[in-house]
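Next up: a single chain in structure tokens, the form predicted on its own.
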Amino acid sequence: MKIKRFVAKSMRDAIRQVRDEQGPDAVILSNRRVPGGVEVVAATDYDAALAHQALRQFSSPDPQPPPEKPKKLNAPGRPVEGASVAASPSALPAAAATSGELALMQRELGSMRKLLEEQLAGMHWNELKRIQPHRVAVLRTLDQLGLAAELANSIADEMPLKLEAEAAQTLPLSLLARRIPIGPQDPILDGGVVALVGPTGVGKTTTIAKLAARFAQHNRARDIALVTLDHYRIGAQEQLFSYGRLLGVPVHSVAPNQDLGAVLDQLSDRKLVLVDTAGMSQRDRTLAQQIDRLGKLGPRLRSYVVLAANASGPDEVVRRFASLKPSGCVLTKLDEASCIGAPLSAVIGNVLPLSYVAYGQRVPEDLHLAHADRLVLCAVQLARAAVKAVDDQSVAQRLANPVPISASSIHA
């Protein structure tokens, strides 16, 4: 078995060297980043046991993992500039397949996959810039808004192939606005039993107060009742009781072992009952119990998911409460956000209607009806204020849709 080390500026160049010098039957044993590029170790006449020993010699102080049985560099019909390592650990000699070596091998395979993905994404993005420059401009615009890659590509797919420069800037924003689901206007005025759900710190209690004050502007304060289920956060109930006193609205505290349905029956003479739930992480096991408790009330209760514009993981939050079949969503803390692409992507992707948006702490002045065009304008203004430099490599990684890693996906 003949083994050789190759150093090049990119994986593409390294694999070209391997192919030119060792032929299409050469196999990639390992790869890693080095100053100025990448290092690839390749071999002909592959032998797993010998390769294992040789790789130890080629290693730097950070040992390289034992090789797997790799695929050849040639795809059907002709050689290509690529290779994939896709053997299972069982291909290694039994004596060599220790847990430590397998862990090293997994890290090595992960590193190689990431490197190849970066190379393929860059190649795809450069080709896209050459043949569809308008699509690239659209994707850059949407990426600056912080939209999810799937949504950005979907909007770009709707764009005509030929566009004026100005249209390439404005049309994707219009298409984005059309996709934002907006709920019925001012649904709180319909009354009923309404619960706000969401993680801790998103502003549920303050939003409860704003909704109560908004309803009181059109009805009497005696038509409203507030219910709190939050027995976990220190001071949470006191905050809602303070709002209740200011609004002249009664507040009822319901313990975890109490029958929520029975309490609501006692409040059946109220036109509107707002339920403030406990804020928990979407990974908290106690949250499932709370969701089940609310779900048992059935159609008599409408739930709204509260998302903070400045919080991470909005899509996960929306999916966590999907079993309640929420009627809509309230987007809070817009005044504290630097980017709202993630929550917009979450409500669009989960088809969750936006009903209200909140910009501050004032009750009820800082609660507004949701409008798609205003939200897009807000997203654009935040993107401009961020003045984020466009990095083609990072944009390519997020949006360029690289093809799956395989030998046949890399062309000469």
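Just so we're clear, the structure is a prediction, and the values are computed from it rather than from any experiment. Note that residue numbering begins at 1 and tracks the sequence as displayed.
If you look for the form predicted together with a small molecule, you will not find it shown, but the lines that follow are about it.
Q: Hey, with the small molecule in the model of the complex, do Asp190, Pro364 and His371 all fall inside the 4.5 Å heavy atom range?
A: Answer is no for this spot.
Q: Does the 4.5 Å heavy atom contact test between Gly201 and the small molecule in the model of the complex come out positive?
A: Yes.
Q: Give a yes or no for Gly244: in the model of the complex, does one of its heavy atoms lie within 4.5 Å of a heavy atom belonging to the small molecule?
A: Because no heavy atom of Gly244 falls inside 4.5 Å of the small molecule in the model of the complex, the answer is no.
Q: So in the model of the complex, does any heavy atom of Ala358 sit within 4.5 Å of the small molecule?
A: Answer yes; at least one heavy atom of Ala358 falls within 4.5 Å of the small molecule in the model of the complex.
Q: May I ask you to check whether Arg320 falls inside a 4.5 Å heavy atom distance of the small molecule in the model of the complex?
A: Answer no; every heavy atom of Arg320 is more than 4.5 Å from the small molecule in the model of the complex.
Q: Name the single residue among Glu150, Glu336, Glu164, Asp259 that comes within 4.5 Å of the small molecule in the model of the complex, judging by heavy atoms.
A: The residue from Glu150, Glu336, Glu164, Asp259 that makes the contact is Glu336.
Q: Of Ser253, Gln144, Gln239, Gln290, which residue is found within 4.5 angstroms of the small molecule in the model of the complex when only non-hydrogen atoms are counted?
A: For this set of options, the contacting one is Gln239.
Q: Exactly one stretch in 180-188, 265-273, 216-224, 325-333 has heavy atoms within 4.5 Å of the small molecule in the model of the complex; which is it?
A: Correct option: 325-333.
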